[in-house]
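Single chain ahead, written as structure tokens, the form predicted on its own.
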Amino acid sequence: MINFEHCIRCTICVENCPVFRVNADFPGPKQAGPDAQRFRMEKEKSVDKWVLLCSQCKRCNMACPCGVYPAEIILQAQQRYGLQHPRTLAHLLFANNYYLSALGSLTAPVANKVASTKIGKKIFHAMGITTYIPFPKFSFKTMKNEKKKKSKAVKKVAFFYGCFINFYRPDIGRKIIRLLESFNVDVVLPEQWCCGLPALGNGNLAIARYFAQKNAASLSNYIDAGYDVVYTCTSCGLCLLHDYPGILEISLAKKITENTYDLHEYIIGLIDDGYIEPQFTKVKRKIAYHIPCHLRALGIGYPAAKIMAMIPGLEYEIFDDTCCGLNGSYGFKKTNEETAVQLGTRAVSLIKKTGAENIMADCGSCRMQLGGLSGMDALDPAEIICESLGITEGK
């Protein structure tokens, strides 16, 4: 990371900040990042409460012409503020989202019913959690219930499926497994925990590092055995590739970053290498493809869009200048509700002008937000690919 002193105060980062556009209380990434950093003293207690308004979308990092990373500077300030001030109940809950999701999945029928009732929503509000969009329904059957199939495939993948697919949409995870298997790829499900991003985003560096160390140790074993790591959630991918070697300082991070790929990036690689020649069939849909902020931050382009271009009959329009506003747990906090709704509503209004039938996004958080605000079906790119190839959960 280039030192904050390289900031030339051009304000391009501010122009690209979604939160700054709609929330007057947030001074923007320049002031919250490099400007304020010049005056932060290690021995003085942090007073930068407004750093918590940053959603960590990373758009400021991508915009900076000088290679300064304002989001990382702000993230450090968020961790410091979290250590020096009492955390809200919402921050504590979301930092431990992995355990809460596991409990919700274990009690799925009851948890889903309670979450949808007026009493349940009142409880959430009392905890500082907003309910302007429906919570995703917990799945009783998680990815850990999947059984390993024997394979002699040349290509081998360790699938890092993430919390959203594991606890809420394992059906998508199972389709991805079948998709890769149809490409003659051996798929294993390594022992894994939350990537650590929810804890990191809620000011708990210790929990984030704990998860990261466990994941790195598990994934490292598979990499040593010749497996590539493939992720499907762009936020998980960003955490694995950028936060593990960055703020979390994980010793095995280099090995992880050199052998980890986005699912669609990996599929494009198989096609380019001549390992597979998918026979895509016609899919008659008109789709608005929302590009998650964290996919842009990964710097790998839009690999799913390349695959969409190969599917006959599919119409899609890319939206990469809007932030959905949810940003994981950020928009679920009552303190950020107005910001999240304004950003999400703007994104939805642009999408609806296209007459699209469906929304598509690589990120589960984006799909929750845009689907919830629009009333439209929000799909994972893998679902479209599987539809074209006739692949289902069990086949």
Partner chain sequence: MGLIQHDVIIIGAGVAGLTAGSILVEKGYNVALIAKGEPTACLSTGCIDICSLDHDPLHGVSHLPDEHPYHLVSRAVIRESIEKFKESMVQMGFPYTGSPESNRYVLSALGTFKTTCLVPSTMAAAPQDEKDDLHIITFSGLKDFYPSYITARRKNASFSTYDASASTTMGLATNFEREDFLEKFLSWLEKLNIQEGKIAFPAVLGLESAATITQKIEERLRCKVFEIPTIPPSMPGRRLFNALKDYFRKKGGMIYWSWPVSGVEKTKKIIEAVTTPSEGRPKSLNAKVFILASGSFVGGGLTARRDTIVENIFNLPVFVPGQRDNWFDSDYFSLNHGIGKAGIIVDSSFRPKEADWENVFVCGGILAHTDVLKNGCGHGMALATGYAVAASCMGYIK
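Positions refer to the first chain, counted from 1. Model, not experiment: these values are computed from the prediction.
Although not depicted, the form predicted in complex with its partner chain is the subject of the following passage.
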(request) Go through 33-41, 330-338, 357-365, 63-71 and give me the stretch that gets within 4.5 Å of its partner chain in the predicted complex, heavy atoms only. (result) 63-71
(request) Evaluate P245 for contact with its partner chain in the predicted complex, applying a 4.5 angstroms cut-off between non-hydrogen atoms, and reply yes or no. (result) yes
(request) Report yes if any heavy atom of E315 sits within 4.5 Å of a heavy atom of its partner chain in the predicted complex; otherwise report no. (result) no
(message) Considering non-hydrogen atoms and a 4.5 Å limit, does its partner chain approach T260 in the predicted complex?
(response) yes
(request) Spell out, yes or no, whether the shortest heavy atom distance between Y302 and its partner chain in the predicted complex is within 4.5 Å. (result) yes
(request) Tell me, out of D171, D224, D272, E249, which residue has a non-hydrogen atom within 4.5 angstroms of its partner chain in the predicted complex. (result) D272
(request) Select from 8-34 the residues with a non-hydrogen atom within 4.5 Å of its partner chain in the predicted complex and write them out in sequence order. (result) I8, C10, T11, I12, E15, N16, F20, R21
